[in-house]
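Following this are structure 1 and structure 2, which are two forms of one protein chain, each written alone as C-alpha cells.
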Structure 1
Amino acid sequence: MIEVKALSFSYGSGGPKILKSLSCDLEQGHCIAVLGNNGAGKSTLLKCISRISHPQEGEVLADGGNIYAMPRRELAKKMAYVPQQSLRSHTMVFDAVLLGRKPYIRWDAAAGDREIVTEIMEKLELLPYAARYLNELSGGELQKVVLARALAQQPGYLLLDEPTSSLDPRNQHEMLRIVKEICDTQKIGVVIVIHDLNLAARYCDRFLFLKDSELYSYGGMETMTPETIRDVYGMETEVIEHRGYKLIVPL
C-alpha cells in the first residue's frame, strides 16, 4: 500500500501550493484514477509519490518504507512511472524496454533480463518491433513501448501520467485494456492521472478526486456521481448505465 500523509507541495519557497496537506491510502491490486481540473495537482501528486518531485511537507510510505529515505534503486523496483510525454531517440525498441531492467543491472544486462523483456514484449505484442527505432514509431506504439519499459521494472505500483492524452480512441482503449489486465492478473497497484471520465469509469475501480489542490473524495464507483462532478469540474452531467458500463454524459 502507498500511504500518502499530509503531503504539501509548492514550486519554490513561498509559491502557491500545488498540493495542500493531502492524505490518502492507495491500495495494491486496484486501478485508481486521479481526477480533477487542470492545475488541481494530479500530475504533481504522481510525481511526489514516485520521488520525481520532493514535497515540502508530509511523507509517502510504500509498503511501510519512507520513499524519500529509500535507496533510489530499491524504490525503482517498487514503483514505475510513465510520463505524459516520452522522448523519441535513435534507440531500438528492445533496448528501450531493456532499460526498464536498470534497477537490477549492476554492470550489464544478464540473460535473465533479456528473457523478462522478451516475455513482456510478447505480451504487449511488441516483439515484431524489437529492431525498430523509437523515432520511427507512431504515438500509440511509442506509448506501448514506454509501458513495457515500466513493466520491465517489475514494480508493485505502476504510476501513469495521462497515458492516453496523445492517442486516438482505439489506442486509448487498447492502452487502458492492457493496464487493467496487468492490474487484475499481477495484482499490482495502478494509479492513472486521466481527464476522460468515461475511460476512468470503464477501466478504473477507485476514483481520487482533487479540487483546488486538496483531496475532494476517494472511493469506489459510488463516488462517481453528478454531484461530485459538478463540485470538482463545475459542469452538469448525468451518469447513466449502458451495457453494464457507467457513462458520464454532459448536459
Structure 2
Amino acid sequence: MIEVKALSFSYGSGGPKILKSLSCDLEQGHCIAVLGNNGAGKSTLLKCISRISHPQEGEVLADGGNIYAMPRRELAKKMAYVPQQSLRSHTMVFDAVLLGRKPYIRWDAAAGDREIVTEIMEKLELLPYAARYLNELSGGELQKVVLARALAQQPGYLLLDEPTSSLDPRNQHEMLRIVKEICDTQKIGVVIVIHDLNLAARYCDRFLFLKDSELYSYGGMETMTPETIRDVYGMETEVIEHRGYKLIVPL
C-alpha cells in the first residue's frame, strides 16, 4: 500500500499550507476517488505521492519504502502519474506509449515491450492512431494516450489527476470502466482526483474527502452521504439508488 504520514505542504517559504498533517493508507486492489472543492489540495496530494512535489513535513511510503529515497527507475515501476494537462509534441502515438516501458528498457525496446504497448493501445482503442503525431490529436485522444503510456509502466499504483476532464460523456465512462477493470483484474491501486461525484460513485470503491486542506473522511460508499457532501461542498443533495448504482442528486 501507499502510506501517507502526517503530510504537510505549502508553496514557497511561509506560504499557506495546501495540505495540513494529512495521513491515510491507499491500498492496492482499490479504486480511490480524491474529492473536494477547488483548492482543497487534491492535485497537490497526488503530486506529493508521485514525488513531483516534496512536502515540508511527513513522508510517503510505497510498499514500506520511502519514495523520496528511491531511485527514479524503481519508483517508476511502482507508480505512474497522469497529469491534468499533457504537452503536445511531434512524436508518434506508438512511440509516446512505448516511453512508458522506459523503466524496464536498458538499451532498446524488446519485442515483449512492443507487445505490451500494442495490447494496451488495443484496449484503449488507440491502434488506429498509432502512426499519428501527438500534436494532431484532440484533447480527449491525447488524454487516452497519456493513460496508455502510464499503463505501459505496469505500475502497482496508478495516479490520475482529473483524467476525464477532456473527454465527452461516452469516453469518460469508457476510460473509467477500463481503469476499474485493470484495477480489479491486476489488483493495482488506482487514485483518481475527480470532480464528478456520480462518476466517482460508479467506478470507485473508496472515497477520500478533503476539506480546507485536511482529511475530512475516508472510506467506502458509506462515506458518500448527503451530510458529507453538504459539509465538504456546501450543497444539499440526495443519494439514491437506480438500477444498482448510487446517484448523487442536487436538491
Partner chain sequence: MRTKNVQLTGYDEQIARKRLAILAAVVLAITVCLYSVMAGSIELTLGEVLKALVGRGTGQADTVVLGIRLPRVVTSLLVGAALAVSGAVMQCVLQNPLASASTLGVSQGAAFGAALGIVVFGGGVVNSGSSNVAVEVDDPYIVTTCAFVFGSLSTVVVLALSQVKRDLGPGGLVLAGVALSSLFTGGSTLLQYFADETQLGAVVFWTFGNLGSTGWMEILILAVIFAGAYLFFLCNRWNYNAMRSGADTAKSLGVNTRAVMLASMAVCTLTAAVSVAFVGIISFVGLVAPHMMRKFVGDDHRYLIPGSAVAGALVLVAADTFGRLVIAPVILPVGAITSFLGAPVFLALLTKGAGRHD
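Throughout, residue numbering runs from 1 along the sequence of structure 1. Not measured: the values here are computed from a predicted model. Rigid core (definition): largest C-alpha set, two forms, superposition within 1.5 Å.
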Next item on the list: Eyeball the pair and call it: which is the form predicted alone?
Entry: 2
Note to self: With both forms fitted on the core, check whether the Cα of Pro71 differs by 2 Å or more between structures 1 and 2.
What the structure shows: no
Check: Superposing on the rigid core, is the CA of Pro169 displaced by 2 Å or more between structures 1 and 2?
Finding: no
Next item on the list: Using the rigid core as the frame, report the C-alpha movement of Ala111 between structures 1 and 2, one decimal, in Å.
Entry: 2.7
